[in-house]
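In structure tokens, the next block holds one chain alone, the form predicted on its own.
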């Protein structure tokens, strides 16, 4: 059997070839047939350059139809696809090129000089640029080629993509994600989220990341669902197109902004059946405010670059705020501490095993070995507990855990409470050095509004009634906004570096 992901996608949308697949508002509409032909043109282009199954390519290009065509062509050809965050610097890109050793590098046109020189220096055989418009010269060249309708024979262990982790500790690691990983995840998500060819997905996420590329795009294509494809998240564009949509996937920031918009009323979300949030924790405050305003409970799920989606709150049934739901079909999770498997409701490091789990880190055999248990579970590094029903609640990253006076402090436990206090928009708890306790938590806070101020003493009074004394932050620091990456995850490493000496 051919496990090529593109073939699996095609087999699921081939009965809907004449249906609109992708709509870019006020610009263009593509049918599923058009998309299939576009990917075949890109496959012809890759073939003409001499790329073949197992070869690697890197792209750092803007979100566009060309970017989708390139991704799908790589799947068709069995070429390993590596998309890069468009905000990565030259030094970061150079590291990725050295690590991956691609045969082809695709860049945005305005960056061509810097990266062409870099590729020449690093002996990358082919360098190309591509923009987002129809008159792009490379796109015109690609579309002039005869389509190559190929489904390269792939097994489920063949690597489809290498995606780099965010690199919060040390250098970024390239996670090898297989055709089997991607197809198993997409099939599971289609089932548990109830996707059909009647759905319309509002897509405002970037496509260099698991969320926008694999979770959103693969699931929609597998379901023959229409995609309203926005270049980026702009609140006016999202609100304008929500009325034509049935499903939206986003990061918590999207929902924070939506719920605070006066024009975000019933007419806007009248056809919506599902709002999905991921890539960063959704605060209980946002969950409650969104539910109150729309009567929709945002569905929160949990995943990683290395695993795709691991758990999800149910489509039918209770979506409990602060939790990330149950394991996907065929996925197993457990909580452990110091090698011991914990009982229900005991807090430990979450481990996962299933067809969604990646093949290891590219050219990092020792690191890969460290991250897996002897019985094949991947150690996520996330801390949480699993209740008697199998529902998972996360407490944060094990690397974020603070040990204060010998006691473990989990930041999310404190952040959940802080984010419910009037006057606090969002918070981040970090550990800094303390001369007596070794480490102590401090709170980095963002105000809800300039008019609504709250004193440190008032915050402490709230926390004193809810937390043990060793968990109470020793300092409160107010800033304009928290540093986040492209997917809305708070970059606590940056905060720790900035405030590491505040209590010394």
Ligand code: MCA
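Residue numbers count along the first chain shown, from 1. Keep in mind the model is a prediction, meaning the values are calculated, not measured.
Not pictured, yet referred to below: the form predicted in complex with ligand MCA.
- Only one of 272, 421, 230, 304 lies close to ligand MCA in the model of the complex, with a heavy atom inside 4.5 Å, and it is 304.
- When you look in the model of the complex, the only residue of 251, 72, 430, 160 with a non-hydrogen atom within 4.5 Å of ligand MCA is 251.
- The three marked residues, 95, 219 and 222, fail to reach ligand MCA in the model of the complex, with no heavy atom of any inside 4.5 Å.
- In the model of the complex, ligand MCA sits beyond 4.5 Å of every heavy atom of residue 381.
- Contact between residue 407 and ligand MCA in the model of the complex is found at the 4.5 Å heavy atom cutoff.
- Contact between residue 103 and ligand MCA in the model of the complex is not found at the 4.5 Å heavy atom cutoff.
- A residue is said to contact a partner when one of its heavy atoms sits within 4.5 Å of a partner heavy atom; residue 286 fails this definition for ligand MCA in the model of the complex, lying far away.
- The candidate stretches are 73-81, 237-245, 207-215, 422-430, and the one lying within 4.5 Å of ligand MCA in the model of the complex by heavy atoms is 207-215.
- Scanning 466-480 for heavy atoms within 4.5 Å of ligand MCA in the model of the complex gives 469, 470, 474 in sequence order.
- Relative to the shown form, the Cα atoms of residue 346 and residue 472 move apart by 3 Å or more in the model of the complex.
- One change in the model of the complex concerns residue 303 and residue 471, whose Cα atoms lie at least 3 Å closer than in this form.
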